[in-house]
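Form predicted on its own, single chain, as structure tokens, below.
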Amino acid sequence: MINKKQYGFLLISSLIFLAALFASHPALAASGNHSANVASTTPWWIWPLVLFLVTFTMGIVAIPAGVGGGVLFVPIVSSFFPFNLDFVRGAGLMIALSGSLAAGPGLLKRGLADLRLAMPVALIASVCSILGAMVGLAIPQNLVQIGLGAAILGIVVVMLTAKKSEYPEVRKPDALSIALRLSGIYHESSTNQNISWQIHRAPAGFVLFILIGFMAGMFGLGAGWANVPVLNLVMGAPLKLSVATSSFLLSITDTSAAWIYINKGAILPMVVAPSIVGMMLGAFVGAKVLAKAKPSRIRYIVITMLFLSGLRALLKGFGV
């Protein structure tokens, strides 16, 4: 059970988050004035400061809720901050990339992330993420906002309905997974056992990673929310192996898409720097909260935040 002190901490974090959003949105911060006029008269240093507070709170709730920071960052910041959507998507990729680069080598070293499983999936997802980034930067932003809103609402449905399987039953691997030798053994430290695993339905999984990679590049979303269910529920990889391989996979997929945004000048340090610092510091606090908080409660808070942000992005795309 989470105690009163932790409830107070989460409440304060939520109030900081709401206050930062209130301050960041010109229409809320000063009713009766046009947002462009307010944005032009706001000191430039206000935005990085408010962005740091918002991303710090995102980092706190992202870890206990089991989601990546990128999937929270893009819809919330694009909906409530006066930044160009291209800059927000570029920063979202950099946030997801920084987290995966920090975790990936250690997961590989401990044998939790499987390189043989990650490489064919990474090849598919990274190529599609490049295509997604090119398409996302070429089409009108209102269409991207509509697509982003629809994608976030779809993520909400996935988070509400997707189940997890610690050790999925794979009776017989398919021909493609046998040809690619997608099987192995990893050591489960919690039970001190060596777990043998193999996968099935590899063609269906690879097709889904085409869509995942394209969405990651087009919307700047970290794809951990989709990688894990596909690896675990569709292809039959053990849950812990799926989570670890997904973290490593993001470092390849997001790097490919990030280069397109860098080449197009869509990486703005004033947005990226406070966002990464805030998210990382918040993640350290969130890891401590995770030890005693109930992840299910925080997860529903995050789902509510995503639903409201996705709905706002959809309405914003339609000019409402």
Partner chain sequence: MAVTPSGSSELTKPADELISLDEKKIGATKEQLTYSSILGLGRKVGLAGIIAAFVVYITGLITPRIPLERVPQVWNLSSSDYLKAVGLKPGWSWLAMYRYSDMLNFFGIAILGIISIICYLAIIPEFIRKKDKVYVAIAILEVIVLAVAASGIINIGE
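The shown structure was predicted, so the numbers you read here are calculated from the model rather than taken from an experiment. Positions refer to the first chain, counted from 1.
There is another form of this protein, the form predicted in complex with the partner chain, and it is not shown here; the text below is about that form.
Student: Please determine whether residue 192 contacts the partner chain in the predicted complex, using a 4.5 Å cut-off between heavy atoms.
Tutor: Residue 192 belongs to the contact set for the partner chain.
Student: Can you tell me if residue 142 lies within 4.5 angstroms of the partner chain in the predicted complex, counting non-hydrogen atoms only?
Tutor: Outside the cut-off, so no.
Student: Since only the chain is shown here, I'm wondering whether residue 203 would be in contact with the partner chain in the predicted complex (any heavy atom pair within 4.5 Å).
Tutor: Contact check for residue 203: no, nothing within 4.5 Å of the partner chain in the predicted complex.
Student: Is there a heavy atom of residue 82 lying 4.5 Å or less from a heavy atom of the partner chain in the predicted complex?
Tutor: Heavy-atom contact with the partner chain at 4.5 Å: present for residue 82.
Student: Of 193 to 201, 150 to 158, 227 to 235, 210 to 218, which is the one stretch near the partner chain in the predicted complex, taking non-hydrogen atoms within 4.5 angstroms as near?
Tutor: Selected stretch: 193 to 201.
Student: Quick one: which residues from 252 to 267 get a non-hydrogen atom within 4.5 Å of the partner chain in the predicted complex?
Tutor: 252, 255, 256, 259, 260, 262, 263, 264, 265, 266, 267, in sequence order.
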